[in-house]
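Below you'll find only one chain, the form predicted alone, shown as structure tokens.
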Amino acid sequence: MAEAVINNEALNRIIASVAEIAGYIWDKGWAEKNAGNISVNLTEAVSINLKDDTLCSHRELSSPFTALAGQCFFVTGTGKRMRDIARDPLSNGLIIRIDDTGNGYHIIAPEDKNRLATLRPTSELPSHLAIHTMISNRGSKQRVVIHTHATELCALTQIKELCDGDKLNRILWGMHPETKVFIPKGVSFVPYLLPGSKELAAATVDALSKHDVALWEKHGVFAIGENIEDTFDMIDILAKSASVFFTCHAAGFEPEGLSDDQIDELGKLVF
């Protein structure tokens, strides 16, 4: 592995955090088989010269991402399970550097180049890069993108009358105070579109330009944040609210929820 990777404490901490969160996602039951994917902008933690022989296996991107030229990312591998990423993140994910034109990328990790013939980034890489482009263009400190199939949130978008951003936020904020405190902008709702399609990617970028979390109808959730722990926490908090909602209904009663005044009061708290 490149010397800059091995001896980079900041990078190693990030990769360890990715592994930890991947384990949580698996334990939650939010990542059946190879479901879900993670990307992290590592540019501030990685500095490798293009001439370094660890930069290899240049591959073209389906669309140019010029705003990301020269930037580095950890991305989970296509077909890789979250439980395996938790066990060995650099055998089930990879670090890439977008080339200077933004038209392709080089792999700079892992060390074993023989595996590069089969190791590929997540099939959702274009969606992740489009989201990172939006983040970069607005000068945000956000560096992390997580997509997972949070069971409770998937179930919530199976209720047709709730498939609306305002209605979803009213329920999610109303079920637990922390939801309003830690996800004050609420969630965006993305109507069902073909998984992996350009249309879904565009809709997700638009949704995340307004909120930090987007719910895909009947599919899953995308979230963005400054670090992987806080990004996961947003999904976890939202899932708890959805779980409270369903638990109340399973017990045979309609949950009262917090009042509008109570939700507004929570929105004024500063942490």
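Throughout, we count residues from 1 along the sequence that is shown. None of the values given here were measured: they were computed from a predicted structure.
Keep in mind that the form predicted in complex with 1,3-dihydroxyacetonephosphate (13P) is missing from the display, and what follows is about it.
K.L.:
Hey, in the predicted bound form, does T122 get a heavy atom within 4.5 angstroms of 1,3-dihydroxyacetonephosphate (13P)?
P.N.:
Result yes; T122 sits at the interface with 1,3-dihydroxyacetonephosphate (13P) in the predicted bound form.
K.L.:
Consider H149 of the chain shown here, and say whether it contacts 1,3-dihydroxyacetonephosphate (13P) in the predicted bound form, taking contact as heavy atoms within 4.5 Å.
P.N.:
Looking in the predicted bound form, residue contacts with 1,3-dihydroxyacetonephosphate (13P) include H149, since a heavy atom lies within 4.5 Å.
K.L.:
Would A35 count as touching 1,3-dihydroxyacetonephosphate (13P) in the predicted bound form under a 4.5 Å heavy atom rule?
P.N.:
Residue-level check for A35: yes, a contact with 1,3-dihydroxyacetonephosphate (13P).
K.L.:
Using 4.5 Å between non-hydrogen atoms, is R59 touching 1,3-dihydroxyacetonephosphate (13P) in the predicted bound form?
P.N.:
R59 lies outside the contact set for 1,3-dihydroxyacetonephosphate (13P).
K.L.:
Among the candidate residues K80, H106, R143, H176, which is the single one with a non-hydrogen atom no more than 4.5 Å from 1,3-dihydroxyacetonephosphate (13P) in the predicted bound form?
P.N.:
Contact residue from the list: K80.
K.L.:
Where, among 70-78, 153-161, 182-190, 86-94, do residues come within 4.5 Å of 1,3-dihydroxyacetonephosphate (13P) in the predicted bound form by heavy atom distance?
P.N.:
It is 70-78 that comes within 4.5 Å of the partner.
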